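One chain comes next, on its own, written as structure tokens: the form predicted alone.
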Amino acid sequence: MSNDLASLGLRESATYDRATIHAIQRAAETGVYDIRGWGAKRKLPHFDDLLFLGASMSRYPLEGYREKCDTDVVLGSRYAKSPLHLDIPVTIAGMSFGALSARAKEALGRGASEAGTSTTTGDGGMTPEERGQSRHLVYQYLPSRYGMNPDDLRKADAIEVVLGQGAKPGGGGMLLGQKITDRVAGMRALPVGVDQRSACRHPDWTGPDDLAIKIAELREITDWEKPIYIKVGATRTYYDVKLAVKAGADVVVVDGMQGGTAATQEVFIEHVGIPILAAIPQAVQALQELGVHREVQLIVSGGIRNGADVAKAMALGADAVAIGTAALIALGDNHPRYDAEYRALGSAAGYYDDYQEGRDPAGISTQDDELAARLDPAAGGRRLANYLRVMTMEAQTLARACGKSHLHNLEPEDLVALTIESAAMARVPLAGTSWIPGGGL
């Protein structure tokens, strides 16, 4: 509030603040709900609300310059003949060709491969650019079935059956018509230039029994070679994880509400799902009760930004994490050099708003050939690989400070919480106490 307004004694309402008033006015003028990309903007309990208890006297730290802290992870070892062996536990989440340019998909594959990890196709099928540059490529099998064919399933290194996404659990995907070019339309069997809304559930199953049949079909198509992931949006996580395991998943992916999306209703982004901090302990409890924790691997996503987030997620029981928004920023999205062009779109560098309209100046979330040409896939891949290395080194630094020789040796006992909310969600003590608020699910 400016000094002039304050001098008038004006005070902003907590219930009807300026953003709320603007949203009401926009709805009244247009008659349609707001659609935007990326993720929740509201402040939520997150990994920043947790701290590590580094070694001092009661614990023995490791020296970074002469004692190893390993970072490798194996995904899909439960049933698959060829599980994925990754050098680092940070993977690239599914982001579609359509939401992203072909050059961006290529850059993701280049960066992930250089760092020794995997990338994921997203909705809309597999592009030659991404498959050609990805050492480990996970193929997403979504309700829309856009671009799906058995040959691509066999070309992939793992299959991720998507039941939900953190930004919109219970809702389907959206791709606005200005992004549906001839190539995107051809891959998805859609008309050019027409808005596309994906289904919110798979058309050929209505529950866990049908999912078990679908997993069996996918294993037959791929001769039991490929790990099968099941991805769920973080909501009723405890029960969803148990059902995924019983249906035959090799890996469970849990995506929290801080995760991004190409485009969906803002009311979905801000009001559906739970934070990943609350979801991880529920998922781990479910796996432990079934006796398969670490046998069925847990990947978590939704707001992972740095090595501290990686280490904290693994201390809570995850085997690996997935990043989406952060990977795009690493490629070069939202860079200050394009600030004037972001402002012309009604945004600014440092903000995430309406890039789903397909005019991303960085050439990443666009299908405009002229804009897409601004992204050099090789340079973008190098930036992503650098970022992944930094994240990994940060996580190793924290693990060594806790006396751990592998990131998977981190545990909840290494953590404390700064707030009552985060202590209750993460099920770790409030700092300076032995108190864990609440209990149960």
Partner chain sequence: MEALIDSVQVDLAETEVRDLNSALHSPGSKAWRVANPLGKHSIACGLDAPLTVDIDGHVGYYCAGMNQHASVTVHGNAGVGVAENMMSGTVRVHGNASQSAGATGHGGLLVIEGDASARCGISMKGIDIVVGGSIGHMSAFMGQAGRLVVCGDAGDALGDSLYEARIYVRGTVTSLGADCVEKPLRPEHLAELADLLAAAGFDHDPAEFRRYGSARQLYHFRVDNAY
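Only the largest set of C-alpha atoms that superpose within 1.5 Å between the two forms is called the rigid core. Residue numbers count along the first chain shown, from 1. These figures come from a predicted structure and were not determined experimentally.
Omitted here: the form predicted together with the partner chain. The next part is about that form.
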Asp34: heavy atom within 4.5 Å of the partner chain in the predicted complex? yes
Although the partner isn't part of this model, could you tell me whether Ser144 comes within 4.5 Å of the partner chain in the predicted complex, counting any heavy atom of the residue? yes
I'd like to know whether Asp368 contacts the partner chain in the predicted complex, with contact meaning heavy atoms within 4.5 angstroms. no
Is there a heavy atom of Arg11 lying 4.5 Å or less from a heavy atom of the partner chain in the predicted complex? no
Contact assignment for the partner chain in the predicted complex, among Arg236, Arg154, Arg183, Arg343, heavy atom within 4.5 Å: Arg154
Listed residue (Gly350, Pro203, Gly291, Pro128) with a non-hydrogen atom within 4.5 angstroms of the partner chain in the predicted complex: Pro203
Counting only non-hydrogen atoms, which stretch in 103 to 111, 220 to 228, 317 to 325, 247 to 255 is within 4.5 Å of the partner chain in the predicted complex? 220 to 228
Stretch 175 to 193 - residues with a heavy atom within 4.5 Å of the partner chain in the predicted complex: Leu176, Gln178, Arg188, Ala189, Leu190, Pro191, Gly193
Could you check whether the CA atom of Thr419 moves 2 Å or more between the shown form and the other one, using the rigid core for the fit? no
Shift of Thr433 between the shown form and the other one at or above 2 Å (CA, core fit): no
